[in-house]
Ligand SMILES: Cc1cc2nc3c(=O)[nH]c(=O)nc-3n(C[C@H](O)[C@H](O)[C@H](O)COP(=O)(O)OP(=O)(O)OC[C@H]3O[C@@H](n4cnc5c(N)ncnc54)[C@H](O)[C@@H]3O)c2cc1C
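Just one chain follows, in the form predicted on its own, and it is written as structure tokens.
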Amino acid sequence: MNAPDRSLKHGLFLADTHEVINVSRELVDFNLYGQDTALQEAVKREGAAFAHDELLAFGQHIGTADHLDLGVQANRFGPELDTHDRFGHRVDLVRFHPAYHALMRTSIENGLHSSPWTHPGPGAHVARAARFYLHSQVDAGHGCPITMTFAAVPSLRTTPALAALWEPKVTARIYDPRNVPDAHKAGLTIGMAMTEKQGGSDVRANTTRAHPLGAEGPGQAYELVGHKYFVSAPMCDAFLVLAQTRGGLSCFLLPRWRPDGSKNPLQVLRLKRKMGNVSNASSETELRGALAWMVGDEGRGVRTIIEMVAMTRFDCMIGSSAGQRAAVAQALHHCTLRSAFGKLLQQQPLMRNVLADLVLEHEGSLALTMRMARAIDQRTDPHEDALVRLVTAVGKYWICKRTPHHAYEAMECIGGSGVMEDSPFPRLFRESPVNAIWEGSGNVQCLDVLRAMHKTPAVVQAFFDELAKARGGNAALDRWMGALQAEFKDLADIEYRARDVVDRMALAIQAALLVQHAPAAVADGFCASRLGSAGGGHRNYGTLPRGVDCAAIIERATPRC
């Protein structure tokens, strides 16, 4: 019996319903550094031109399809906790997908956790910030232990005897994820355990107690008893921990293993189920007489660990700037390939307005972040030190808080496909609020700005001196600076008004940097949209005023692959 004729009269089969046309493609196999003009300019401008070739090679490596897929896999298959082995022994072992370990190895072997400490000098923090920014676009979660390991070094150095023992392995470019004592490893990672249920950001409310085993004071051994509601990341080899002593809240270095090779009773109760940052393990733990050594002076734990927190907050700025770049790069790439109503999306006037606005947001974030990297490099200069003390909090607050809306708006450029789980945007969107909340929420950052102003009034003058470098470059900015200076003369209800004041400070310094260093299209567009009568940042994206050169702004930022 003959098979039925399934063909149509034109020779097509019923299964061939259509040709796939007018769709985007994956943004892969491109140089993340070579395709980021704003970053290249910032690296040169802020003192790290020496790193250009290395960054170019790094950007090429991490922009391959295979490496970008590591971020996808590390988040698809998140960490899992084994509290005990199958024989009943306590192990507190966090298991990761191999992609996570590959990402960690790449970051550590490229010095993202240590290069400014092992190779200090002009531009060291700028070069490291650029690398961290680039790799954060592949995966943000693994950046948490990288950041904490990097940031722990200044705190450890407050106690030279401990630093001498730990710093060589902490800064080594060797990744060893084994669950074995630190004595058996050549490279170590450091985590952080500050937060408790009852206190949150108010760490002075912590109840964990430290009991001396003999002599007391810096570098001496204690046993810690208490709980930590948020420990990042529990697979690290040691942690900086806050606990109460007779002299007050103090800082301690607590390893996962005791020197005799026994398991230190830092016991992981559960992993946190986070909406974002999935590749990274965060946990709730109990300390049941865990051995630790005091870092810094007794009763000065906050001051000691704030050296670490200052660096982790800076990395939040880097990470959120990276998230903005990843999101807008995806939107720009899509809109160069997809047509609607007879034109490429990138050629549609309203879409141009949206895309250019997203680019401007990222340009401002990156300019401020890299300027602060230079300030960290040059902290021996009183002006630069004052900027670090004040503007780190300003930038952490503003950049991180702007990122969720930025991620959403970029996702909307993709349309319905952007909300599908096989798109990059669900991960970018879920990640986008994390940095705004971690390492001190928005209110905490604003209060830190006020605290810096009160404790060291010279930081305010340093801030306005920095703005003055752009005076005369843009009329809207000049007016904005004048109004802001007037605001600082009236400190009534300043805590109530803190967010408004810090908003205006952030926009002022971003605009000042762009006016000095960015192309006219970028600087003028930023000032016109953020500092004009409808400015202030409290507006939807895609509302740029007339006269902004959207085409030039978009062309500068669009990745090619």
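Bear in mind the structure is a predicted one, so any value in this text is a computation, not a measurement. One-based numbering along the sequence shown.
Another form exists, predicted in complex with the ligand; not displayed. Remarks below refer to it.
**Request:** Consider W438 of the chain shown here, and say whether it contacts the ligand in the predicted bound form, taking contact as heavy atoms within 4.5 Å.
**Result:** Answer yes; at least one heavy atom of W438 falls within 4.5 Å of the ligand in the predicted bound form.
Within a 4.5 Å heavy atom cut-off, is A470 in contact with the ligand in the predicted bound form? No, A470 stays farther than 4.5 Å from the ligand in the predicted bound form.
Q) Is there any non-hydrogen atom of S282 lying within 4.5 Å of the ligand in the predicted bound form? A) Heavy-atom contact with the ligand at 4.5 Å: present for S282.
| task | Look up in the predicted bound form whether N264 has a non-hydrogen atom within 4.5 angstroms of the ligand, and give yes or no. | result | No.
In the predicted bound form, segment of 224 to 232, 478 to 486, 419 to 427, 78 to 86 with a heavy atom within 4.5 Å of the ligand:
Correct option: 224 to 232.
**Message:** Going by heavy atom distances of 4.5 angstroms or less, which of T195, Q346, S115, T106 would be at the interface with the ligand in the predicted bound form?
**Reply:** The residue from T195, Q346, S115, T106 that makes the contact is T195.
Next on the checklist: Using a 4.5 Å heavy atom cut-off, which residue among G217, P168, G299, G442 comes into contact with the ligand in the predicted bound form?
Outcome noted: In short, G442.
So, a 4.5 angstroms cut-off on heavy atom distances: do all three of A151, T208 and R256 pass it with respect to the ligand in the predicted bound form?
No, the whole trio is out of contact, none within 4.5 Å by any heavy atom.
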